[in-house]
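The chain below stands alone, shown as structure tokens; this is the form predicted alone.
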């Protein structure tokens, strides 16, 4: 081995959630092995720090794996077996055993009881320190070679690392070129496109309602089968909230193909049908006959939104319910359940960048996360063509694949239960 080459038993590329979880568990489960993380930037666990508004949405309280996989637009089939080996329950227990208790919020998201992402960051850093994981920053990988049974990693012409087992947990990337080193190793890559983004609706007057939210709306992308539901938030650039983010995740590739120029249909009343809404409006006309339509909102929408929709439908605030014709009521019913917006462009959701695409999943053994192409090479996290909707699902995939990669890099023939 060349003089300028540093050897480790296991090297992990990437200092994010999946990379750290791989590293600390590999080091803990096999204390005689030298383990290192190579991170190309100056900071590790950056996404963990900013996720969940700085609180870190660790996982989601979904304990049935057959239900859990439904939150993954890509990778759900493969993850079902993986979750049977390291589940949400085991994630909770892993952090609890290290003094980090998680709490469940009403929507199922789970956070540390401290409500601070530093709690998770410090836990992982503490484990790395405890088990002597070396964290090497500003080590951007230029080339990987496999010579005999060892991986040779070139940072530059004068700095190289070598290892017996290599775990790639470099995260997602919007540029296909970022995956070139894996193409050279024989892996196929699904071209990456963004997922989890908000909708830009430039120039539309609805943006004047920024801050207004609806507890449960339905979003349908016109001319597709994509339909999602959940809270919806109006912003100064367009629309956000879980209903929109789910649409962006399930429609990641279809919306990219449209260059983020498409129409979204909003049902402000969740799943109510137009005919039923029409009948309800007719009943309101009878009940509230003499009252102004602006003052009586039978669907309990935020007043500013109700006023906006009345205006959009051409109804003057001074009209009384008795003044409305059946045609006007029918038009209002249609608008409430099929409100159409021209989306032009997207905005990354906060700082939580997620991609759809990556290493093709049929090239991975999901029992050990080992490559079927290159022996000794393992993968974890978003480098794979796996992504979940918002709510802690992407982190759960990181913990699970990180755990399996750690176990697989030690001894792929061991049963995972023996290593817990």
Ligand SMILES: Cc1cc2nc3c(=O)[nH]c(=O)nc-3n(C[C@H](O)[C@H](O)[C@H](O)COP(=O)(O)OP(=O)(O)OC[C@H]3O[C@@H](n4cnc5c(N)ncnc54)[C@H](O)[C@@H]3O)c2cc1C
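Keep in mind the model is a prediction, meaning the values are calculated, not measured. Numbering follows the first chain given and starts at 1.
The same protein also has a form predicted together with the ligand, omitted here; what follows describes it.
Chemist: Within 4.5 Å of the ligand in the predicted bound form, heavy atoms considered, which of 249, 120, 169, 293?
Modeler: Looking at 249, 120, 169, 293 one by one, just 169 meets the 4.5 Å heavy-atom criterion.
Chemist: From the list 261, 180, 140, 257, which entry has a heavy atom within 4.5 Å of the ligand in the predicted bound form?
Modeler: That would be 140.
Chemist: Picking from 358 to 366, 28 to 36, 51 to 59, 371 to 379, which part of the chain touches the ligand in the predicted bound form when contact means heavy atoms within 4.5 Å?
Modeler: Of the options given, it is 51 to 59.
Chemist: Contact between residue 23 and the ligand in the predicted bound form at 4.5 Å, heavy atoms?
Modeler: Contact check for residue 23: no, nothing within 4.5 Å of the ligand in the predicted bound form.
Chemist: Considering only heavy atoms, tell me if residue 405 and the ligand come within 4.5 Å of each other in the predicted bound form.
Modeler: Because no heavy atom of residue 405 falls inside 4.5 Å of the ligand in the predicted bound form, the answer is no.
Chemist: Residue-level contact is defined here as any heavy atom of the residue lying within 4.5 Å of the ligand in the predicted bound form; does residue 40 satisfy this criterion?
Modeler: Yes, residue 40 sits close enough to the ligand in the predicted bound form that at least one of its heavy atoms falls within 4.5 Å.
Chemist: Taking heavy atoms and a 4.5 Å cut-off, does residue 10 contact the ligand in the predicted bound form?
Modeler: Judged by the heavy-atom cut-off of 4.5 Å, residue 10 is well away from the ligand in the predicted bound form.
Chemist: Heavy atom within 4.5 Å of the ligand in the predicted bound form: which residues of 88 to 116 meet that condition, in order?
Modeler: Counting only heavy atoms within 4.5 Å of the ligand in the predicted bound form, no residue of 88 to 116 makes contact.
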